[in-house]
Every structure is written in structure tokens, then in C-alpha cells.
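Just so you know, structure 1 and structure 2 below are the same protein chain in two forms, each on its own as C-alpha cells.
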Structure 1
Amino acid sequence: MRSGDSDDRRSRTATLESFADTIVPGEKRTPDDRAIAGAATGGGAVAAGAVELLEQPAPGLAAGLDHYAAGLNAHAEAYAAEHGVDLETGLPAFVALPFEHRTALVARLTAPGHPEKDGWVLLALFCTMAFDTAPHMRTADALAAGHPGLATMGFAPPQADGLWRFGEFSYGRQLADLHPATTPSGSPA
């Protein structure tokens, strides 16, 4: 029973990782990594902590993750049948789907008009946020730890007190003519 539970959990995690990796792709953790397809260099949403974020209570999706994973795999099976893609056995169907097909399936699930669009967009939004903002960590800590998303974007670190200040911020000169109808208070006429 316990072993079955942990198998289910591993399958769920791998499926969610594959989804996150489709949203923001990254490099494989090991040569035989299946959840991460290795479609891009550097860490992607998985390395950024997408699954950890989804499992936290704050986003409000944790209770639905089993359902999300099952749904993804059901869609992947249907997609594979439709496109004649042979899925490797022993893997969750979405994980077994080649990267370009995962991408096409996610595009379909999140497109206007798909009946399940809202749910898949929600999952994608949090996967994106895991990469772009690391909202499961203190931002200063995430930067100090080399969070792959913030590092990829070149997000500048804070000062020693954990706050951001930019002393140099302006080219310091007039760079355009003002609109001729500007009022004395600086508004449009």
C-alpha cells in the first residue's frame, strides 16, 4: 500500500514536472531524466521549484494536483492516439510524450475555447511564476541561492539590508521635445 502510494506520488511529481518543463524548459538533471526534456540550457521551471510551489497551500492548487496529473496523462494518451505517437510504457503518458508534442498539447489545452482552459492556464501561471519570481522563497534568499529563474533574467540583488536601491537611474538629460499642448501643470491639454 505504502509502496503504491509513493509510486503514485512519484508519477504525479514526474507528470507535473513535465508540464512545468513544457512551460519553462530546462536542462536535464541527469542523462536519463525523463520528466525534463532538456529542450533549453540552464534550469527551467522544475529547477526553479515549480512543483514545490504547487504543493504549498498559498496558490490554492495543492488539493487538485492528483486530478491535474491524471488529467494531463489522459489528455496525453488521447493526443498520442490521435497523432500516432507510440508512448513508452512504464512512464506517465505525459512524461512519455516527446517535447514538441507536450508543447502542442499544452498549447491546445490553454487555447481560447478549450473547455478546461481556465484550469490549465492556472497551472501554467504558477509554473511561470516559479521561474520568474520564486514566490515560494524570500526573494533575497532565492537570489543568494542562485535561483535559476531570477539568475537567468539577471534580476539584480538587493543591498546588504535586503532592500533594493538604485543610486544611478537616469541619463540625466532631456531626450525629447515636450508635446506643444502641455499645460503648466505638466498634463495634456
Structure 2
Amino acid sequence: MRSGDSDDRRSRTATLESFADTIVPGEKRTPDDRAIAGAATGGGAVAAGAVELLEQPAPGLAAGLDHYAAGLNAHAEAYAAEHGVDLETGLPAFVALPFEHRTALVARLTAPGHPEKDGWVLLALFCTMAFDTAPHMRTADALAAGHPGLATMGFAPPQADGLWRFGEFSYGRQLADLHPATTPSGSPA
């Protein structure tokens, strides 16, 4: 890999992390972390694996992530010029924006009527999904690793055999009888 390629990859990753952190903020990984603004305590979308989820083939966004990052940085440069925000050199433009300006720009990009709204909302949806459900990981593994979103929601760990069972019905009553062909593990036959 050429040096420029690795610089481009780091820039893209930092930009996507900054976007994810704007959607579900978290705390900085280190004091000099620029991608994560540190606007909240605990882990946010980045710690929950938003970029890992985006890079997987299943969501269908991986091939377009370079374009998302480039577009986000172009919008950030225009926004900074419009609002008189000085951007630190050497950083991708979106990463260089202060958090309050990141949120204002994302609000603009996802607002009704914005011509690119659908694409930015889709990216935001997957960042939120990484935090809320950890779809890129087995749930038991995510819980064992201390996934910040599942921990925040108080997601119950599986029982010792790796299965989830709940002694109480969520509606306070049983809604239906078990199908007679249901196996002892709870699977349909």
C-alpha cells in the first residue's frame, strides 16, 4: 500500500468516525482524538462499531464510503466558509469542524428538502443501528465485549447455554400457546 493510499484511508475513516460520533456521540478514545468530539460520556457509535458495520458488504454502503467521506468533507468546507469557521489544516474538513458545527451541518444534510437527504439519512441510520443493535456482531459476543449501546439499554445477557429465556411475558400475559411441534430449545419444528 502506498503512503498516499494509507493517508486517504485514515482520512476517510476519521471522517466517517466524526459523522458517526455526531449521530451518537461518545467520549474521546485519547485526549488528542480529533474524530470523536467527546460530547458525551461513555461509548457512542464509534465505540459501538459504526465504521466496521458500514464497511461490511451486507448494508450495501461499503463501495460508496469514499464518496460519502469526500462529499461530507466538501460540504464541511462550504459550511466553514459560509460561517467563517477556521479549519485546522492537516485534518479532513468535517473532522476539523467543532462539534456544534458538525451537528448543524448534519441537520442541514438530513433536513427535508435537501437533495442528498436520503443518502445522509441512510448513513445516519446505520450509525445508529451499530449502537442500538450491534448487527455486525453476534449479540452474545457484543455483550461479552461490553458493547456500549447494548449496555446502555440494559440488554439482558443470555443464560449459561447461550440462549435467552424470559420468565415473564412482556405484555404481562401469555399471548398464545406454544405450537405443539416446538422443540425443547424453542425452535419451530
Partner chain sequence: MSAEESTDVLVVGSGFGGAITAYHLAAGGARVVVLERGPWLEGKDFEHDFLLGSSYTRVFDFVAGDGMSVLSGNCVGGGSVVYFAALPRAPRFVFERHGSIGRRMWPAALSRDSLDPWYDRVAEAIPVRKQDWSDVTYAGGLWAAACHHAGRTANPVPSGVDNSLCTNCNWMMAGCRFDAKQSLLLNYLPGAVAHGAEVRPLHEVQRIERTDDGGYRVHYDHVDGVDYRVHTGSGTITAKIVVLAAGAGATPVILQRSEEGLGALPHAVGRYFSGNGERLNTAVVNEDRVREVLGLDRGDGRAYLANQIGKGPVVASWDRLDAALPEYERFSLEQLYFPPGLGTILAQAAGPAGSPSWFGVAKKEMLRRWQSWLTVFEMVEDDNEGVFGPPPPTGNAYRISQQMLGRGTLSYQPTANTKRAWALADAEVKDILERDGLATVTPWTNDVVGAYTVHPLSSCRMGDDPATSALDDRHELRGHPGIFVTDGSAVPGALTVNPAMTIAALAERAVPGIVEAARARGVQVTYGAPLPGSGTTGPMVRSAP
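Structure 1's sequence is the ruler for residue numbers, which start at 1. The term rigid core refers to the most C-alpha atoms you can superpose between the two forms while keeping them within 1.5 Å. Everything quoted here is computed from the prediction, not taken from an experiment.
Quick check: structure 1 or structure 2 for the form predicted together with its partner chain?
Structure 1, which is the form predicted together with its partner chain, differs in this respect from structure 2.
Per-residue C-alpha change between structures 1 and 2, G64, threshold 2 Å, rigid core fit
Not so; G64 is displaced by less than 2 Å.
Do you see a C-alpha shift of 2 Å or more at G162 between structures 1 and 2, with the core held fixed?
Shift at G162: 2 Å or more after core fit.
Please state the CA displacement of G172 between structures 1 and 2 in angstrom, with both forms fitted on the core.
The alpha-carbon displacement, core-superposed, is 6.6 Å.
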